[in-house]
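First comes one chain, alone, set out as structure tokens in the form predicted alone.
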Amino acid sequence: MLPVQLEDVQNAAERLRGQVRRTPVFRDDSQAQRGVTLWLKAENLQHIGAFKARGALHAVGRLPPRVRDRGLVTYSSGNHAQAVALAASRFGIRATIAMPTDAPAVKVARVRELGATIEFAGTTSSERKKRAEAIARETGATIIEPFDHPHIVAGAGTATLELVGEVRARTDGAGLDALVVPVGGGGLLAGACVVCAAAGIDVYTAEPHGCDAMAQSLAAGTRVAVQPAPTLGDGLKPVRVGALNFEVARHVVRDSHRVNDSEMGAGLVHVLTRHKMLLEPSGAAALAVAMREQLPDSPANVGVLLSGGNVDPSTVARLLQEHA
């Protein structure tokens, strides 16, 4: 028994009805010569430009009002920060976010636009977490975990639930054979694993080189801490993946893959030029894996989670020059 069940994800989908967007799924035939059709779930078009809105809105909505009204606090490199700020604004409560000193300017600006207070704390997730815990002690606010909580996982899993259902409908019941998921702390992955395990779909991970805490943990059979290396994928830089997420992933994930900055940049440019959508490099990590190599057993229909689209314009301009 997985610690989060398909029923939990289905219930989260009901609670989130009307609160999050049912993001579109784009068919991509760029790999047709290999007999592969890619199905791109555009979570870059979700509220706040990332899948994180699903988990945050679900988790905050599940809090008792007396707890919620004490305020919210979290720690995030950017997308979960925006998601918690969004949830706080919808409920009319305060939120304080511990963010890294090197957070992308576009993400910092959006958090402030949504009315949250930012406190900068180092460059690693452990430094941000420590500051968030201190804020919670000082103010009585409730911590909304960025990835390692059943309500976050169930909310994140609704993206895969939508993808699996739509591809099944558009392929006359054939459905997905495999799914590639980008991994930071592992919340999106754990939710995807719950859905895919029930549907018999193989799951593969995508992480930047040097930020591969999940891959190393799966290989070791226990959670492994890493010192994140520099990467364009700023949303995929955990020191350690979530305990709950690892417990789910170790039972379901078939294999792990690493990608470099050039591959993420090429994926970003591919989606921008072919599908006219903007991704952040982290959001293109899974696509980089799906475009790079044939997955085991030659799956014909491969799902790809495009996890976010919050990126500085200067980064896009540079990547267009390099890869267009």
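Being a predicted model, the structure only gives us computed values, none of them experimental. The first residue of the sequence shown is number 1, and the count goes up from there.
The same protein has a further form, the form predicted together with a further copy of the same chain, not shown here; the description that follows concerns it.
Against a further copy of the same chain in the predicted complex, the set Gln31, His209 and Gly267 makes no contact: no member has a heavy atom within 4.5 Å.
From the list 107-115, 196-204, 176-184, 152-160, the contact stretch for a further copy of the same chain in the predicted complex under a 4.5 Å heavy atom rule is 107-115. Between the options Leu295, Leu272, Val36, Met291, the residue in contact with a further copy of the same chain in the predicted complex by a heavy atom within 4.5 angstroms is Leu272. Proximity of Asn310 to a further copy of the same chain in the predicted complex: non-hydrogen atoms within 4.5 Å are present.
When a further copy of the same chain is considered in the predicted complex, Lys276 lines it closely, a heavy atom lying within 4.5 Å.
None of the heavy atoms of Val67 is located within 4.5 Å of a further copy of the same chain in the predicted complex. In the predicted complex, at least one heavy atom of Arg21 sits within 4.5 Å of a heavy atom of a further copy of the same chain. Of all the residues from 295-324, those having a non-hydrogen atom no more than 4.5 Å from a further copy of the same chain in the predicted complex are Gly309, Asn310, Pro313, Val316, Ala317, Leu320, Gln321, Ala324.
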